[in-house]
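We begin with a single chain expressed as structure tokens, specifically the form predicted alone.
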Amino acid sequence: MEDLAFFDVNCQIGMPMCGSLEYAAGTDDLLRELDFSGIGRAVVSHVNTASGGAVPGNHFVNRALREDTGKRLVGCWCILPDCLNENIPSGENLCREMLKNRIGMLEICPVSHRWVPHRTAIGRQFDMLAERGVLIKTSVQEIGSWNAFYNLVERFPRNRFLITNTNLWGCDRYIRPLFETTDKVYLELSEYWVAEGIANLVKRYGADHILYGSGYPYWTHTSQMMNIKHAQISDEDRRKIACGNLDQLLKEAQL
């Protein structure tokens, strides 16, 4: 097996409001954790963005990236409907600011932030992001349910969506219909705890829509690293899941 470079698509920085056994309060803490686990790079959002708000969460992400002099971190901002006139760039200015601040992808937290992920609320922004190929992250908890995620994908068929934190012990019956019908949905693995699940997904659908993510600090970096390393898949597919797919998605985003 070749040495793998890991690029974590679902990593959070900061001290959780509700506590955690382990966390990285600042940039240096997070980089030490990545080094300890053997991870080269990570996409980071702030751990309190959902509970504390998109604007302060984005501010803390910006600060973390400024402190990351080795440029191992890529930022993930949280967006809101632009009609709210909050301190978040919108329209073409959003893409310019993302490029300027080393932000590679976006997330939405509609349940915590009290808005409806419908075309009425955010259609204009999502259409622009679809044209630019920007990946939009959400968790099952923050979209509300798998049914709500299905509705999101149906309403915005041209957007690229990353579904994270899929709930433990099996999401195949939720994710496989999406893999069957769209090439715009990507699966993050932090809570994908299915025996031989990675190998079975790759065998049926290929590896291009599966991404390594840790879910740190609520899960460790290493549990899914082990599953990827030992999955019965080719070294090329292993590399895609560990880092290659995320690298490609970030390169394809036209910021």
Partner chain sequence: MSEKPFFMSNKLAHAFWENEFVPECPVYDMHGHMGENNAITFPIASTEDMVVHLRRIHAKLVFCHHWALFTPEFTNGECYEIVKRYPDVFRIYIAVNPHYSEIMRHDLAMYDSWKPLAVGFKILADYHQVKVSDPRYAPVLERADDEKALVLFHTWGGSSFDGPDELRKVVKKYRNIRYILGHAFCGMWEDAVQLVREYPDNVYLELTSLPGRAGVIETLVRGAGSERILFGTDLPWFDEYQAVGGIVGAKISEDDMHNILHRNAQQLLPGF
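Everything numeric in this text was worked out from a predicted model, so none of it was measured. Numbering follows the first chain given and starts at 1.
Although not depicted, the form predicted in complex with its partner chain is the subject of the following passage.
In the model of the complex, its partner chain sits within 4.5 Å of a heavy atom of V194.
Taking the partner from elsewhere, E236 is found to have every heavy atom lying beyond 4.5 Å of its partner chain in the model of the complex. Though the partner is left out of this view, D208 does not reach within 4.5 Å of its partner chain in the model of the complex, counting heavy atoms only. Within 4.5 Å of some heavy atom of its partner chain in the model of the complex lies at least one heavy atom of T220.
Checked against its partner chain in the model of the complex, the candidates T27, N200, N48, N62 yield a single residue with a heavy atom inside 4.5 Å, and that residue is N200. The putative spot formed by F6, F36 and I39 is fully lined by its partner chain in the model of the complex; each residue has a non-hydrogen atom within 4.5 angstroms of it. Considering its partner chain in the model of the complex, the lone stretch of 150-158, 132-140, 85-93, 167-175 in range is 167-175 [heavy atom distance within 4.5 Å]. Counting a residue when any of its non-hydrogen atoms is within 4.5 Å of its partner chain in the model of the complex, the hits in 223-243 run S223, Q224, M225, M226, N227, K229, H230, Q232.
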